[in-house]
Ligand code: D61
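First comes one chain, alone, set out as structure tokens in the form predicted on its own.
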């Protein structure tokens, strides 16, 4: 099915086949399970169960950093599971969120009453916390501090949505920017990256905000249908009395204006992303950080000025994603991908859009910072002979299939006549 979706993009078909046959060098797991404790093996199983996006790139990290990031992810997944559980009354949830960091030092603490799909990380939290306590103090300090700050921040927006764009930034900081800050501290602690990477909270925060804002923009319809509201009132309040008003017939022009304003806001983080990635020295850390960012810019391009945000699911093709995973292994390659999708947004900026001047300005800034001689344009021309050959081969297979089918079914079809 994924091959069929990419059939008009032969370079994606090539990427999918390459990934299927030989895997992806950027996500090759480096875990040595024979040397792991039983608890740590279980933690990696929890990672695979609870993460679709990050499990592969976490397992591809180098050295002791890999285990630290795995445990950091599981701790935050457990915290997020508490925050997401709508069956928990606030008088239970709020103290738990604020105190969650302290459970890392409590060998017995676990929670058996969650109804969320990832409840296993709460029910088996003693397994996770036991491995956490084995980490070097510098790793433990970073994870505990971010868990404490995030738990507090989650209580701030537990019963309210962001009103202003500044509050939107604050909300995204609590749930994603702090993840970027924590990861950066782990990178520096591992000595795989410089102290500068671990100390520059502004850039690390932007890494998280770019991903979180992209997800919030893309998931608008699903969130509204579940009575969850993450778009800031400062944006949608210009066009209605509630976020759901953007879905009303006749409001498409307003909905698109609101959408494009938020995409423009998210694009302001791209320059910080490029500066951050430019400081990274370790290849596994670079891959870990770069892959989600290029997926985000591709998703944001798909969202911009797209009315399907308000009617269905907007996402990039798997072939497109695999192609980017295979290529996003250097700063120049990332710049080329950023340039490619930023230019595609620029092509769709309408002079009638209220945010057009601001959108054009931030696009121009992104393009200046992402200049490179590397090209990420479609390689269809290069793959044209291969594409024709595959087409002929597919036709031959289909012909053989139906010839064989007719040899079996032919007599019955003729009898019916």
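Fair warning: this is a prediction, and the values are worked out from it, not measured in the lab. Positions refer to the first chain, counted from 1.
Although not depicted, the form predicted together with the named molecule is the subject of the following passage.
- Heavy atoms within 4.5 Å of the named molecule in the model of the complex map, among the stretches 127-135, 248-256, 316-324, 287-295, onto 287-295 alone.
- This chain lacks the partner; the member of 197, 211, 309, 337 within 4.5 angstroms of the named molecule in the model of the complex by a non-hydrogen atom is 211.
- Interface residue among 83, 261, 169, 193, judged by heavy atoms within 4.5 Å of the named molecule in the model of the complex: 83.
- Taking the partner from the other structure, the named molecule in the model of the complex has no heavy atom within 4.5 Å of any heavy atom of residue 122.
- Among residues of the shown chain, residue 77 is one whose heavy atoms approach the named molecule to within 4.5 Å in the model of the complex.
- Proximity of residue 73 to the named molecule in the model of the complex: non-hydrogen atoms within 4.5 Å are present.
- Although the partner is absent here, residue 69 is a contact residue: one of its heavy atoms lies within 4.5 angstroms of the named molecule in the model of the complex.
- Using a 4.5 Å heavy atom cutoff, none of 142, 188 and 275 lies near the named molecule in the model of the complex.
- Within 4.5 angstroms of the named molecule in the model of the complex, the stretch 161-184 places a non-hydrogen atom from each of 171, 175, 176, 179, 180, 183, taken in sequence order.
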